[in-house]
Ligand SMILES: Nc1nc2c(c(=O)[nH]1)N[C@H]1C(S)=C(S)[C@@H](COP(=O)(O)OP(=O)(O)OC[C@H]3O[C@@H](n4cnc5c(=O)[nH]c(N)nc54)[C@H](O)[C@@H]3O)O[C@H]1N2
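One chain follows as structure tokens, the form predicted on its own.
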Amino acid sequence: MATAETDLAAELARIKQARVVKSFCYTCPWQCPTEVYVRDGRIVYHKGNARAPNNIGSRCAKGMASWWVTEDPDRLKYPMLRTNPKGEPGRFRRASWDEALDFIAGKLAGIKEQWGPEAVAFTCHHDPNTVFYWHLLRDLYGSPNMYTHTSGCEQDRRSACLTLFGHVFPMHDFINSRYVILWGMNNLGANQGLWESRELIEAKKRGCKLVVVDPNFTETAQKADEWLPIRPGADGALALAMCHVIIEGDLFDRDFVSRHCEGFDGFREHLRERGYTPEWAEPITGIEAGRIRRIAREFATTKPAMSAIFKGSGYYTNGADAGRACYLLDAICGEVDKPGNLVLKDWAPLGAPVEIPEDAKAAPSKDPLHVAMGYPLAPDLPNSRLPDAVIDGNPYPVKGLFVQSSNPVMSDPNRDRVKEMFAHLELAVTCELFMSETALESDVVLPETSFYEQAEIRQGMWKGPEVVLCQPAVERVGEAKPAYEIVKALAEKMGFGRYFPYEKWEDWGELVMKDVPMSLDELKEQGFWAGEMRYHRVPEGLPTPSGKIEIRSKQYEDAGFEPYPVWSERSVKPDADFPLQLTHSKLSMHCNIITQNNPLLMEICGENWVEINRADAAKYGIEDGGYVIVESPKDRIRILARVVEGLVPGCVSVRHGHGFGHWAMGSVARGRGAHSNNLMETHTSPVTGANCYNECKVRVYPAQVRADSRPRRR
């Protein structure tokens, strides 16, 4: 049936003399469905697919500028092989695909023979096409170590959701909420999940109260009704104190917790015994006890309500219990999976792209790395601990590493340790769009296609079950290949080619869509499939050990941790020599590896900066717009300074956008801004394995101060 939107698409295509390709944008992980208009092999226009429920036709600046990746002259065009020893600045020569894949297949065979298949690991950003690598390297080769990037993102949040609700990634039903508390979440500043941000703004227009808990007066805090300027790493203390107020004030949902929660009575006693009162929390958080009581009571008595976290509270070694405590506010108030709450969304019934018989699958002989490392609750690889396996053989040796669509040399803490790791690998393969910092440390670099040049079918990031499609819109750059073609060719070299029989992407696409009530042809025409949006799944039973929301976590107890959330201090505290706490926040114009080499985005935001409170700036002689040195006990960087009022004194905030200060990548990105990750030592959440980016103390002084006159360490 024709609609105004389909008529608009047809009219735009006529005006621009272009064909329309239904697709989605993968500049950030929220993959907004799009319409791409192509004429003479070039993208001439693109817009949001207004029929998709998680888009409403909108695009962000990152998405609007994303077409540049199809014409970027700095893109990788050919396979590259290293010509000099690792540990030195990488030098490469062009190779054929046959030569590169023969090299990889030979190395994989040798590693498996000497060390076993578990000595090979794979890590990526979370590209949906990584499933092809999983089928080859896990199912057929036998490695249990297939991972994504979550430890550098929202690992603590994901672990909290899994142990409490049995759900990997709940969504936010802002539009129906009347009271929202966001803990370290800067939706409006990070500029991701546009449909969620739009719903949040619309909810505010309808009278929803928004409270933001953050040391930084972020873009989202600026739109909030109330900002709680909490001290860094103190979120768990505040959330536990609020739980205490709600329970002792008999403001909890008695019927909900009795029916659907495990361990409520023990939690009440736990809070009492530990003394987690607002008065206890005040000196830790910097938030007055009376204010804590008021916010807790407002949250408990205003329905529907939502307490939500993402990354901010999880960049400390105490972040795992902080995340659980923040979500327990939802649980004790009965605010889970109802309109206006966290939504435990259903997933679309997508199938596997290849069918591998059970008798052909290899059974791993060792536990996956995260379990062997002692992180059984980690939902993903503790990335900052991977060097331990590669360099020290702990818990067992890792000799081969595939990295796809991510840049751990830039994105993980302690760059020096990560670079050392690559020098110890017998095989390092980077599959990427650019010659990244990680590619420079690798043996083989394989050029991948961008999302405009390949097909992807994946779960959508809407509140209900959704399938989104990306399909090729323009020709590939150079000899770049999509993951499904790279894996098929490598599988043939390894003797597994028969398990990847597809000749074109539609062949595997039909398999993926076989259980979805829409044909692949219909999906290509519409660009997405959306199922029924549901609430109230908690009474149906949850995939937790008890079938309920686990206030008392059996999984934590079985892993040797406290079954209830406990408060602990962060690991690194400022001192006389390094008096400031380093924190991090994102940029609206940048996300992941492709934006820093985009001249359109770099014209708007061409470098990152550090924010410092006005009082601290005066104390240390920092001027707004000047350059400063941010120095930790480990390293120092030169970075632009911005003096602000809205930042808790005693901390500084580096805006990063997932990587500035590139020494590789491309002509636009190289040398712009500052890279802060080498300021920090390796700190990992003891529970979830998350990277603890904010466990770092620093001092800041004007860049013009001579090295011999800067403050001395004691």
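The first residue of the shown sequence is 1; numbering continues from there. Not measured: the values here are computed from a predicted model.
Keep in mind that the form predicted together with the ligand is missing from the display, and what follows is about it.
- Query: Which one of Val687, Met665, Val36, Met680 is close to the ligand in the predicted complex, taking close to mean a heavy atom within 4.5 Å?
  - Reply: That would be Met680.
- With the ligand left out of view, which of Val628, Ala100, Leu164, Ile593 would have a heavy atom within 4.5 Å of it in the predicted complex? Exactly one listed residue reaches within 4.5 Å, namely Ile593.
- 4.5 angstroms heavy atom contact with the ligand in the predicted complex for Val354: Although the ligand is absent here, Val354 would stay clear of it in the predicted complex, with no heavy atoms inside 4.5 Å.
- Message: Residue-level contact is defined here as any heavy atom of the residue lying within 4.5 Å of the ligand in the predicted complex; does Ala203 satisfy this criterion?
- Response: Contact with the ligand, no.
- Though only this chain appears here, would Pro408 touch the ligand in the predicted complex if you measure heavy atom gaps against 4.5 Å? Judged by the heavy-atom cut-off of 4.5 Å, Pro408 is in contact with the ligand in the predicted complex.
- Any of the heavy atoms of Phe500 lying within 4.5 Å of the ligand in the predicted complex? No, no contact at 4.5 Å.
- Task: Spot the stretch among 516 to 524, 100 to 108, 145 to 153, 466 to 474 with residues whose non-hydrogen atoms come within 4.5 Å of the ligand in the predicted complex.
- Result: That would be stretch 145 to 153.
- Item | Contact at Asn186, Gln192 and Ser436 by the ligand in the predicted complex, all three, heavy atom at most 4.5 Å | All three within 4.5 Å in the predicted complex.
- Query: So which bits of 205 to 236 sit within 4.5 Å of the ligand in the predicted complex, heavy atoms only?
  - Reply: In sequence order, Val213, Asp214, Pro215, Asn216, Thr218, Ile230, Arg231, Pro232, Gly233, Ala234, Asp235 come within 4.5 Å of the partner.
- Message: Comparing against this form, do Thr583 and Asn592 have their CA atoms pulled together or pushed apart in the predicted complex? The difference is 3 Å or more.
- Response: Distance between the C-alphas of Thr583 and Asn592: shorter in the predicted complex, by 3 Å or more.
- Pairwise C-alpha change, Ile593 versus Glu479, in the predicted complex against this form - closer or farther, 3 angstroms or more: Here the pair is closer than in the predicted complex; there, farther apart.
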